[in-house]
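Provided below as structure tokens are two forms of one protein chain, presented individually as structure 1 and structure 2.
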Structure 1
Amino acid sequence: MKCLFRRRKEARPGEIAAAALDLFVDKGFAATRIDDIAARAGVSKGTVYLYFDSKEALFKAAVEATMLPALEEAEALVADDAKPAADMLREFVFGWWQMIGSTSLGGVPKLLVAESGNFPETVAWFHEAVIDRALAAMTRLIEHGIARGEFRNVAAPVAARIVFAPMFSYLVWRRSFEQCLRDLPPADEFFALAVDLLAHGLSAREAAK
């Protein structure tokens, strides 16, 4: 019983952070109260404050527990020199969708856009901790393709942002306008075509024709 209690206590911060993230995505950062988070996590308000001193700390903990492992996988993928760059691009995009876009984490971009004026420090932290790292990984992937002659010589940092543009747009469409956009294609179909267009646009062979 002691062991079970210890495991439950050790898991509690993660459970509270996960409950907070779900509420932030559903209700917005400003509208979510600590009382709401405590109720969703099934703990007292005092227990929340035992582990976290603010909503900002809760948000950071949730991101670090969920998004950063996905980022680490993406960085490991990009470090694999044996794979063709186009294959890495496809794995990167679909891996991102599976681990982030299709989960509750997919609501974070919309949340940050909506709350950026109210919580600039939290948004700046997210940009540095997540977005900058993701862009750096994609930039390295594109540079890898250029160095191997698979991709044409383009401005890799700019191309990296272009890769992320359809990923971001799809999340906003799905989270904000899904009821109105009845012709929004399934994610697999959308990203398969997006990757195909991006890979052909970057391809050194296509440019040489």
Structure 2
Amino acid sequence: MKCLFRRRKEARPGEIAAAALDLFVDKGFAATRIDDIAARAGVSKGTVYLYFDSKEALFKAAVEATMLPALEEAEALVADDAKPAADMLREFVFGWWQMIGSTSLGGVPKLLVAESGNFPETVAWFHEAVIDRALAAMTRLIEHGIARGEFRNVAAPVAARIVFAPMFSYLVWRRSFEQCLRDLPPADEFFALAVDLLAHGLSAREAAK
């Protein structure tokens, strides 16, 4: 019994941060009330302030605490293999969608876009800790393809961003236009075509003609 209670107690900050993140993603920072966060986490308003100094601190903690563990897992996605780059690209996209995009972490980019004006430091942190790292990995992947003669000799850092564009867009569209999405294609179909188009677009064979 003591053990269960202990565990509960220690999990509190995490539960609060998770509840906060969900609500921030859904309604934005300003429109989310501490009361709502407390209610969703099943604690009282005062308890929130026991673990977090302020609403702003809670925002930053919620974003960072939720991203950090995911980052480690994500890193593993980009094992520098000797596989064909097109295959790696496909695996990267689908792996990301499964592990991150389709989970509740997928809401973070939308949230940071929305609050970019109000939380410059958090945005900067996210950019460094997540975006830059992901871009670097994708850049390496593309350079790997170029080196293998598989891909055309394009500007890899620019191409990396173009590869991320469908992933980012799908994520944000899904979260923002939920109500009017009769015809947003399912993720499988969307990403299959996206990878197909990008791989063909990058392919050296066509250009060789």
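Superpose the two forms; the largest set of C-alphas matching within 1.5 Å is the rigid core. Counting starts at 1 with the first residue of structure 1 and goes up one by one along its sequence. Since we're looking at a predicted model, the values are computed, not measured.
Student: Two forms of the same chain appear here; which of them is the form predicted on its own?
Tutor: Structure 1 is the matching one, since it is the form predicted on its own.
Student: Honestly, after the rigid core fit, is Ala57 moving at least 2 Å at Cα between structure 1 and structure 2?
Tutor: Yes, the C-alpha moves 2 Å or more.
Student: Verify the C-alpha shift of Leu184 between structure 1 and structure 2: is it 2 Å or more after superposing the core?
Tutor: False for Leu184: its C-alpha shift is below 2 Å.
Student: Examine Ala129 after superposing the rigid core and state whether its CA is displaced by 2 Å or more between structure 1 and structure 2.
Tutor: No, Ala129 moves less than 2 Å.
Student: State the core-superposed CA shift for Ala18 between structure 1 and structure 2, in Å to one decimal.
Tutor: Between its two positions, the C-alpha of Ala18 lies 3.6 Å apart after core fitting.
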